[in-house]
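In structure tokens, one chain follows: the form predicted on its own.
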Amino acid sequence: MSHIHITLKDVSFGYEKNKNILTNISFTAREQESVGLIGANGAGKSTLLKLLVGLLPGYQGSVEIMDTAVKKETLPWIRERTGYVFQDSDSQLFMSTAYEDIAFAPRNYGLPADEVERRTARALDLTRITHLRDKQIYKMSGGEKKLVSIATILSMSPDIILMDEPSIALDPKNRRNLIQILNQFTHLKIIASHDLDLILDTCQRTILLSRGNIVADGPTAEILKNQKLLEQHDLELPLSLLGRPQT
């Protein structure tokens, strides 16, 4: 198995005792895989991503990033290699300008000043937001904040990226920009989204969660064209597939 992979075995988690949000979740995601995580509201998508970066301790089962168990002692190592984009950009951005936010992680990990500058400039360029370099965060639109949030993880050149509803607040132009960014990332990515067209455009594999359980895991095209399966779990066909005959 490639050294870049995520493995979950029989993972269960609940915010309240005896009330699981996730139940017996098991799967492996490997290097160069692009995995869509879909499901109706409350299915457990965001919770699952937070478990992968150690934001929710107290789970049952096994969660490993590259054969390293997710626990308090390993979080600095895991977070250096795993970039996580929050659903709410305001939960991720805390510095005064885009540049300062994007440069924060490389600086925090003690990289030399010239390397911090190189990585920050590259992340700004990859997300096509060099014009926002010195803009104050509080003056930004929701879409601008989302792109800055994505740039903050790209500045660390992660082996794995996890994204929670990355297309929220993006206009059509920047949504296309996001799709290009995701498709250029060649390592492992897991994207949780209600935007099923985004999943169709960026992910080869899809995992469908329903009431905290995995009910389907397979090729994206097969799952997202299965109208009966989607409707059984409170989802609808991607907009791009509406009106097309389903096979």
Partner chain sequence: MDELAARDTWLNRVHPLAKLLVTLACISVTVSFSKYNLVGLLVMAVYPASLFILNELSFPDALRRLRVVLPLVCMVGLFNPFFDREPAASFGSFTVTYGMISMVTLMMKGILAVLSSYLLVASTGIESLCYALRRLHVPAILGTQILLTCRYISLLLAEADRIVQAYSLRAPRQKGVHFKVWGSLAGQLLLRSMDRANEVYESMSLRGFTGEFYDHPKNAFQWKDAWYLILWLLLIAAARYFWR
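Remember, it's a predicted structure, so these values are computed and weren't measured experimentally. Numbering follows the first chain given and starts at 1.
From this point on, the text means the form predicted in complex with its partner chain, which you will not see here.
Within this chain, V53 lines the site of its partner chain in the model of the complex, having a heavy atom no more than 4.5 Å away.
For R79, a non-hydrogen atom is located within 4.5 Å of its partner chain in the model of the complex, even though that partner is not displayed. Mapping the unseen interface onto this chain, T152 counts among the residues with a heavy atom inside 4.5 Å of its partner chain in the model of the complex. In the model of the complex, its partner chain sits beyond 4.5 Å of every heavy atom of T130.
Contact here is defined as any heavy atom lying within 4.5 Å of its partner chain in the model of the complex, and by that definition not a single one of F13, F27 and L37 is a contact residue. The listed set S157, S141, N108, T74 contains one residue whose heavy atoms approach its partner chain in the model of the complex to within 4.5 Å, identified as N108.
Along 4-40, no residue reaches a heavy atom to within 4.5 Å of its partner chain in the model of the complex.
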